[in-house]
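Take a look at this one chain, the form predicted alone, written out in structure tokens.
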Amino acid sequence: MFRNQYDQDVTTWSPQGRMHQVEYAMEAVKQGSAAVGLKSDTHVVLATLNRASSELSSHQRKTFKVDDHLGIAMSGIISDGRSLCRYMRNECLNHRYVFEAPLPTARLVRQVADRAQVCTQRSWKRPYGVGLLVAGFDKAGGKLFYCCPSGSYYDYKAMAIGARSQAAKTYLERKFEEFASADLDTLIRHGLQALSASVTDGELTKDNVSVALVGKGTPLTLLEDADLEPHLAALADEVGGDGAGSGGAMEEGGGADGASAPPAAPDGASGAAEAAPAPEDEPPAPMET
């Protein structure tokens, strides 16, 4: 994206029908570290990759609890995300105080999307530079939504946002049919496996990963530090087992494609690839210069 005369204001349209300031906000989401969400029939899981600004700093937290039945993961400008998180908490508290019941996930997501959309129609405001994955479990069952800086929101079975999230999406698209019937531990491992696909340097550790889960009979729970070690160990064993299995198959097959080596030619018979000996009276071939 390049700066041009149509991106000076959020309310200015380009001749191509685009609003560049909104697109810049959506680009900010792609610059943040990856976040993954997926759901089964009984649970919804969020997993985030946390960054540290330097080796001397702690990792920045990207997963937050909104209510007992609802949590969010974010990618982009985290300060904008904390502002939206505070708004969501207030809405949940007000609804619980008035109606003595939790706020439905879909209704809260629509309110957040409406709030984000207002910032695309006011010249004195700017769009939120953060994308939210909202996980909730209410009377309608498990829900996973993505809130875009443009004010749009989408309901997903599985979704990944942030830097290098396409690799995570590829894994989710390949495995999503298994999610509906998966138990909680398996669902967490799928989330961590998808998140690891977006990591190019280093590996997943208890310091740079956060997991949030909510489900039927399970209030929103954040897994961090020592709580993640069993799941990371299981993921490492699973990945190591797959690698060993593929290596054994190659060794047993005698080649990368498992094909056996061709039989050796019998003694005294020349191979098909051997060149026939030149006649003795034939002059030698000239040397190349």
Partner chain sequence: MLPVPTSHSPALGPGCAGPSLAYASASTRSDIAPPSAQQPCCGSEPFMVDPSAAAGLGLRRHTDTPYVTGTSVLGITYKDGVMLAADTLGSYGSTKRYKSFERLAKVNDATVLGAGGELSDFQYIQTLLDELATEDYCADDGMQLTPREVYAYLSRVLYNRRNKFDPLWNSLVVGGLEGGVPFLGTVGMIGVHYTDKHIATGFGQMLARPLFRERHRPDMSEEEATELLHDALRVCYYRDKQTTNKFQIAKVTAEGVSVSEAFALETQWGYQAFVNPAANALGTW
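The structure displayed is predicted, hence computed values, not measured ones. Residue numbers count along the first chain shown, from 1.
The form predicted together with the partner chain exists for this protein as well; it is not shown, and the discussion that follows is about that form.
Interface stretch in the predicted complex with the partner chain - options 96-104, 178-186, 191-199, 74-82, non-hydrogen atom within 4.5 Å: Comparing against the partner chain in the predicted complex, the contact stretch is 96-104.
Answer option from 164, 126, 206, 115, heavy atom within 4.5 Å of the partner chain in the predicted complex: Checking each option against the partner chain in the predicted complex, the one that comes within 4.5 Å is 115.
The unique member of 170, 152, 218, 111 whose heavy atoms fall within 4.5 Å of the partner chain in the predicted complex: Looking at the other structure, the residue within range turns out to be 111.
Heavy atom of residue 174 within 4.5 Å of the partner chain in the predicted complex: Looking in the predicted complex, residue contacts with the partner chain do not include residue 174, since no heavy atom lies within 4.5 Å.
4.5 angstroms heavy atom contact with the partner chain in the predicted complex for residue 157: Outside the cut-off, so no.
Sequence-ordered residues of 142-167 touching the partner chain in the predicted complex, heavy atom within 4.5 Å: None of them.
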